[in-house]
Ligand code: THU
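Next comes just one chain, in C-alpha cells: the form predicted alone.
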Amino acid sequence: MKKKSEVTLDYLDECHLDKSLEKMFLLVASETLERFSLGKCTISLSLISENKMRNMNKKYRNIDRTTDVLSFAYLENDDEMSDIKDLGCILIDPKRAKKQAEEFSHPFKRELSFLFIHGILHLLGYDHQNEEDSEKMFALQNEILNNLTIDFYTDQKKLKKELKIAQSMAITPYSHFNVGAVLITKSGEYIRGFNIENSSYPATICAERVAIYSAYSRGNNKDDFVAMGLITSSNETSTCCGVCRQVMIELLPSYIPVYIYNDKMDKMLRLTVKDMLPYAFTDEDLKS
C-alpha cells in the first residue's frame, strides 16, 4: 500500500513578500511529494536577498553570482529515532525569480512554484548534469507544475463578468437555454463564445466550440490556453455535451481548469479538461 506523504514546511521570508505565499508553497510541496511514498517529511524554504544568494552560491558552488534556486539535501535525519524525514533546505531569490517571470511572460507566483518544485526534486535525488537526466527531471517538473490545483492566471471577478456578457449574446430561438463560454490565454485574453441555434438542428453550435474556434482563428495554439469558464441558464452547474468534451480534449491542454457556473453564479464546479472526458480517444491513439 502506498504511503501517503505528510509535509511540514519550515518557511522563512527574509524579503517580506506577500504573506499568502507560505500557504501556496505548502500546497506545492504537498502536491509534489504526493507522487512519492515518503510518509511524514519536512522541508525548509527560505526566500533570501540577491546578495545573500550570491554569497551562498560562491561559498558552496564557487560561482560568484546569484542564482534563482539552491538546494541542500539532508541524507540522514538528525534524530535517527524520528519517523519524520528532513529532506533538506531550499533557497530562492525572489528578485531573480521576478526577472525570469517577466522574461517568460508568466505570473510571478508560477515562477516561484516552478523553482520550488525544481528544488524539491533536487532534494529527492534528481539532477540535470547530463542530457538524459535533464530531460527526465524537467519533464517531471513541468508535469507537476501543470497539474497543480493552483490557478496562477484566472481573475475570477473578470471571468464572471465576461461569462455574463458571453451568455447575453447567445442566439437561442428554440431552446431559450443560453450558454456563455470564455477561454483564457497566457497573454491575458478572455475570448468569448456563446451557443448559436439553427432551425436545422445539427447546424447548431455550442458556446464552448465557438470560444475555442474563435481563439484559434486569432492565431492561438494549444499551449496558449490556461483556463476556461462556462455559464448556463440552469440553476445547477450543467456540464458540456459529449461533442464539446471531445473537441476540448484535443484542442486544449488536458490539465487546465474549467470553471462551470450556474445562471445565478452562486454555484461553481471546478474540473480539468481531462476530468471531463476520462479515457478519451485522441490523435495519439491514431499513432499507436
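Don't overthink the numbering: it's just position in the shown sequence, from 1. Quantities reported herein were computed from a predicted structural model and do not represent experimental measurements.
One more form of this protein should be noted, the form predicted in complex with tetrahydrodeoxyuridine, which is absent from this view; the next part is about it.
Quick one: does Leu115 come within 4.5 Å of tetrahydrodeoxyuridine in the model of the complex, counting heavy atoms only? No, Leu115 stays farther than 4.5 Å from tetrahydrodeoxyuridine in the model of the complex.
In the model of the complex, is there a heavy atom of tetrahydrodeoxyuridine that lies within 4.5 Å of any heavy atom of Glu208, even though the partner is absent here? Glu208: contacts tetrahydrodeoxyuridine in the model of the complex.
For Glu162, is any heavy atom within 4.5 Å of tetrahydrodeoxyuridine in the model of the complex, or not? Outside the cut-off, so no.
Consider Tyr74 of the chain shown here, and say whether it contacts tetrahydrodeoxyuridine in the model of the complex, taking contact as heavy atoms within 4.5 Å. The answer is no: Tyr74 has no heavy atom within 4.5 Å of tetrahydrodeoxyuridine.
Candidate stretches 41 to 49, 256 to 264, 240 to 248, 54 to 62 - the one whose heavy atoms come within 4.5 Å of tetrahydrodeoxyuridine in the model of the complex: Checking each option against the 4.5 Å cut-off leaves 240 to 248.
Just one of Val179, Leu91, Val182, Ile120 has a heavy atom within 4.5 angstroms of tetrahydrodeoxyuridine in the model of the complex, so which one? Looking at the other structure, the residue within range turns out to be Val179.
Using a 4.5 Å cut on heavy atoms, which of Ser214, Asn147, Ser175, Gln156 is close to tetrahydrodeoxyuridine in the model of the complex? The option sitting close enough to the partner is Ser175.
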